[in-house]
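This document starts with one chain, in the form predicted on its own, laid out as structure tokens.
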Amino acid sequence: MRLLTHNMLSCNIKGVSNGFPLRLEAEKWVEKEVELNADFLRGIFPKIEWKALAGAARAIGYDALPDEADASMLDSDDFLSHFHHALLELHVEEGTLVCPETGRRFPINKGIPNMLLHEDEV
């Protein structure tokens, strides 16, 4: 699971009003090289919840992202490189996503988060 995916997932349990961001507890992750596409990064930047991305990156030991970011930083090749690496090259293979409100744990196995809800959660 790329951190791009993590940034778009939330807990959809019935009654949950604060299901984002899910806390990432990564047990195994890998780096997979992807060609940097600056135009893609500039286009996706406004859709990214920055604090969630930076927090997830730190959860797997990548601390090169600043705490806050704005669009003016997209002119920096160094920033784009770090943003690209965190968003697209770090892949969580095994771990857990945890709902911030309920504590419900969603497993990540072989890079795939299982967000299926139990019958009583729908």
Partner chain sequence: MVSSKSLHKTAQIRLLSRHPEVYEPCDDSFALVDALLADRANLLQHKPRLCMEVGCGSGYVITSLALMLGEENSGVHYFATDINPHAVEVTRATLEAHGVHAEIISTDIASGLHKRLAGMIDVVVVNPPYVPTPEEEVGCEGITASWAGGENGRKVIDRILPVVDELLSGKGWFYMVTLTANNPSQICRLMREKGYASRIIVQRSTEEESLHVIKFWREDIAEIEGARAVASGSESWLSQFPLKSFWRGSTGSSC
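Numbering follows the first chain given and starts at 1. These figures come from a predicted structure and were not determined experimentally.
One more form of this protein should be noted, the form predicted in complex with the partner chain, which is absent from this view; the next part is about it.
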property: Site check Trp29, His82 and Cys99: each within 4.5 Å of the partner chain in the predicted bound form by heavy atom; result: no
property: The partner chain contact at Asn37 in the predicted bound form, heavy atom, 4.5 Å; result: yes
property: 4.5 Å heavy atom contact, Met73 to the partner chain in the predicted bound form; result: no
property: Distance check, Leu24 to the partner chain in the predicted bound form, heavy atom within 4.5 Å; result: no
property: Ala64: touches the partner chain in the predicted bound form, heavy atom cutoff 4.5 angstroms; result: no
property: Heavy atom contacts to the partner chain in the predicted bound form at 4.5 Å, residues of 32-56 in sequence order; result: Val34, Glu35, Asn37, Phe40, Gly43, Ile44, Lys47, Ile48, Glu49
